[in-house]
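Coming up is one lone chain in structure tokens, specifically the form predicted alone.
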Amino acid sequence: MQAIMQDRYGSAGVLESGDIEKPDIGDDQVLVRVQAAGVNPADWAIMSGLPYVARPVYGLRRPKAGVRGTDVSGTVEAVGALVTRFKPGDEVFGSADGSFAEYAAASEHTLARKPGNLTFEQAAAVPMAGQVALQALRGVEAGHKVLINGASGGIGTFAVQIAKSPGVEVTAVASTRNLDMLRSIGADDVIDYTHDDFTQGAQRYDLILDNLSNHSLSDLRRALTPTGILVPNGGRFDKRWFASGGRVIAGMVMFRFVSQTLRTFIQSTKHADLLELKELIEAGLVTPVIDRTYALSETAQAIGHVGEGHARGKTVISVSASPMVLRPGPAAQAIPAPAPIAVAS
């Protein structure tokens, strides 16, 4: 099978296409014939070996995992002896080991059946970004004012839609070119950060999801209500040693002495969260926003594009399709979902 491999850390040039054997699967694993794979900033970070403090996890001198990629959508090819949720032929999405390849192995607990109203490319955009947004926004309820800083990226576009529920007011912060797109996916208010600084305004928010880390913690606290919640999610991989880790530690100390809350979490793939996202998608409440779609042979360009930090919505690799690449139009948009599909109980 064709796969995108890496045997050293560095820029996109370290990625190579090669022909390798299909992965073996364990008793609780599923072999997925990959149709599409989502690209995340984490893929760029692991490719680069950043932050350095994470190398004991990635691999000290070279990546432990030779094939890149995590987000996946595709068709079940085979199942292990203990797998009960899936059978060959099922269409699935979720997380897998080495999804930038024609086949990938995954635990059955990190997969769910693909939403019926999404293409494989759309479904591959959901797993990591959708789950980060879902987990970050736990507890948002009617009457809350929520602000998403860095709203036009992969996590941000999911967060705007997930936060948007009856009685919740959602404010999205992005650059000028992305404001109309954010309004189209449900933002009640938009702030152009090239002209206005939300931390200096009069509005206070019950929850701020900060995907950029481009404001001081003190300024972010000023924009919160007295009992507001700050969810820091900025990777800051330009801080090569610790990324945003130092900032989070400083925030944990600062927030211990105030009535506001700093909520930290480590994203993890959960079958229950994938099912929740599937229900939201099939109900027409959430639709992935796709920036660009690349062929498998163009994975290096796809990761480079995401690493630049200006992707609108998600970048996706189409693995099984023809080499034709879908390029973005004047503005990235959510692909309209068909009529809602009833979700089986």
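The model shown is predicted, which means the values in this text are computed figures rather than measured ones. The numbering used is simple: start at 1 and walk along the sequence shown.
Another form, the form predicted together with a small molecule, is not on view; read the next lines as being about it.
Undergrad: Select from the listed residues 122, 95, 149, 161 the one whose heavy atoms reach within 4.5 Å of the small molecule in the predicted bound form.
TA: Contact check passes for 149.
Undergrad: Which of 83, 134, 212, 140 has a heavy atom within 4.5 Å of the small molecule in the predicted bound form?
TA: Result of the distance check: 212.
Undergrad: Just checking whether residue 186 would be counted as a contact of the small molecule in the predicted bound form - the rule being heavy atoms within 4.5 angstroms.
TA: No, residue 186 is distant from the partner.
Undergrad: Should residue 288 be counted as a contact of the small molecule in the predicted bound form, where contact means heavy atoms within 4.5 Å?
TA: The answer is no: residue 288 has no heavy atom within 4.5 Å of the small molecule.
Undergrad: Report whether the minimum heavy atom distance between residue 267 and the small molecule in the predicted bound form is within 4.5 Å.
TA: Looking in the predicted bound form, residue contacts with the small molecule include residue 267, since a heavy atom lies within 4.5 Å.
Undergrad: Although the small molecule is absent from this view, report whether residue 310 comes within 4.5 Å of it in the predicted bound form, heavy atoms only.
TA: Flag for residue 310 set to yes.
Undergrad: Which of 98 to 106, 173 to 181, 73 to 81, 269 to 277 has heavy atoms within 4.5 Å of the small molecule in the predicted bound form?
TA: Going by heavy atoms within 4.5 Å, the stretch is 173 to 181.
Undergrad: Report whether all of 41, 153 and 306 sit within 4.5 Å of the small molecule in the predicted bound form, measuring from non-hydrogen atoms.
TA: Checked in the predicted bound form: all three residues contact the small molecule.
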